[in-house]
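Single chain ahead, by itself, as structure tokens, in the form predicted on its own.
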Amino acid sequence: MKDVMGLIYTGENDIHLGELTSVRAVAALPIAGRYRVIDFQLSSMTRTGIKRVGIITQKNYQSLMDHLGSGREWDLHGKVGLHILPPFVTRDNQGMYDGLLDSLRSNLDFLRLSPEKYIVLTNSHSIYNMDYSEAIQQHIETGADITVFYAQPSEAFDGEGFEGEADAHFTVDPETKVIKAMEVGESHPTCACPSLKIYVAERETLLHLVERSSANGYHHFGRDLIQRNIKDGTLKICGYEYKGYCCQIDSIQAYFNFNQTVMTEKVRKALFPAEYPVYTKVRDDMPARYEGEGKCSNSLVGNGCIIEGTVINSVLFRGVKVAKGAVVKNSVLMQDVQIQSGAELDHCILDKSSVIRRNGRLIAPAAYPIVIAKNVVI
């Protein structure tokens, strides 16, 4: 779509992911053996035909920039292409925004200089593979000021928490108009629909709303812009129902659960259909090797892995080494992790380049997986 631009806000829910986001943004968090979270938003925009994409960054964005590079993997390396929007660091904010609305206000110049008529605005912690075209068409046909994406309250929406913004749940009438939004912590009926934190709007309309909200001292997109305008009726806000699979990575438990469920055939087919690939940064490496008594069952194993021990129901990223006699169960091992001989892991998340020494033992319940930070040796 030539008349649509994309904008990805990378600033939500870092605090709920602990050590996993101490050195990186949620957008750069490794998932499913070889991908990063932002790969799914960028691939969906590429699938829609969007050529201009802005990435609003906050602190700890070096890992994200290393992953994105020039944007070539997503065909966003041309003159229009990928735009990294670094944070405005001041004595007060230290490179952190107070919310989505605050980040938009700080990047008004980018919005003003972009020629596209419509904008798809999305968070960076949702996992999905969609085409935005149908939602954009609905937005145009309904004459909405803002269209918000939602899912039905069912198993199809696999997330938890919905903390941070106030438009966590809302109700939609038969004509797709949003009639009520529930604040965080406010009780809501079981029929209320969870928000995907994805929006479509005309660029000029969004500019006007951001400028007006900033003049009134507002910071939060959901509570101060969406909810206030639903209550007073000054905006026509419509909902678009997304019926595919979506998962919110908003806590350590959600991250662990997603990496477990992605090993099921149903979820893999929903996220990785052959006709709509998910693109990511390429790392040239040898295929995984199974040596000696090495064996693996029901697991995702990335290129460059060397398996001499036992791996069960786990996700191994590229370059992981599991030595002879080591046992890895129900765990997520990120890039270049080393598990030495005799070690045993169960329900663990190990960040990049961490090492579990010989005969080490880390076992946790499924509800509280152990998280080992990057480059840690145990």
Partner chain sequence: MRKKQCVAMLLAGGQGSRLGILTKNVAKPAVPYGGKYRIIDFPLSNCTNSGIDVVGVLTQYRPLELNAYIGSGSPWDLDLSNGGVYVLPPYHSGKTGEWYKGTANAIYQNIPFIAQWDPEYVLVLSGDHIYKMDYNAMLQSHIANGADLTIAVREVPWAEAPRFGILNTDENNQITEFEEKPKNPKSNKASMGVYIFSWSKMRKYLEQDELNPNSENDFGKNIIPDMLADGQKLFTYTFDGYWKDVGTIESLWEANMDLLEMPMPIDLYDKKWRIYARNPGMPPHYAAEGSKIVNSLITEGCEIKGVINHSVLFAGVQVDTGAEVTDAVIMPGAVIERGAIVRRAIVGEHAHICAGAVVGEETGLIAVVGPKAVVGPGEKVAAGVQIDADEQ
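Quantities reported herein were computed from a predicted structural model and do not represent experimental measurements. Residue numbers count along the first chain shown, from 1.
FYI, the form predicted together with the partner chain isn't displayed, but the following is about it.
No residue in the set Leu68, Leu76 and Arg105 has a non-hydrogen atom no more than 4.5 Å from the partner chain in the predicted bound form. With the partner chain left out of view, the stretch that reaches within 4.5 Å of it through heavy atoms in the predicted bound form is, among 343-351, 25-33, 49-57, 327-335, 25-33. Only one of the listed residues (Asp285, Asp173, Glu134, Asp109) places a non-hydrogen atom within 4.5 angstroms of the partner chain in the predicted bound form, and that residue is Asp285. Interface residue among Gln227, Ser299, Ser213, Thr122, judged by heavy atoms within 4.5 Å of the partner chain in the predicted bound form: Ser299.
Although the partner is absent here, Gly292 is a contact residue: one of its heavy atoms lies within 4.5 angstroms of the partner chain in the predicted bound form.
Taking non-hydrogen atoms only, Gly304 approaches the partner chain to within 4.5 angstroms in the predicted bound form. Taking non-hydrogen atoms only, Met96 never approaches the partner chain to within 4.5 angstroms in the predicted bound form. Taking the partner from elsewhere, Cys246 is found to have every heavy atom lying beyond 4.5 Å of the partner chain in the predicted bound form. Contacts between stretch 231-269 and the partner chain, counted in the predicted bound form as any heavy atom lying within 4.5 Å, involve Met263, Glu265, Arg268, Lys269, listed in sequence order.
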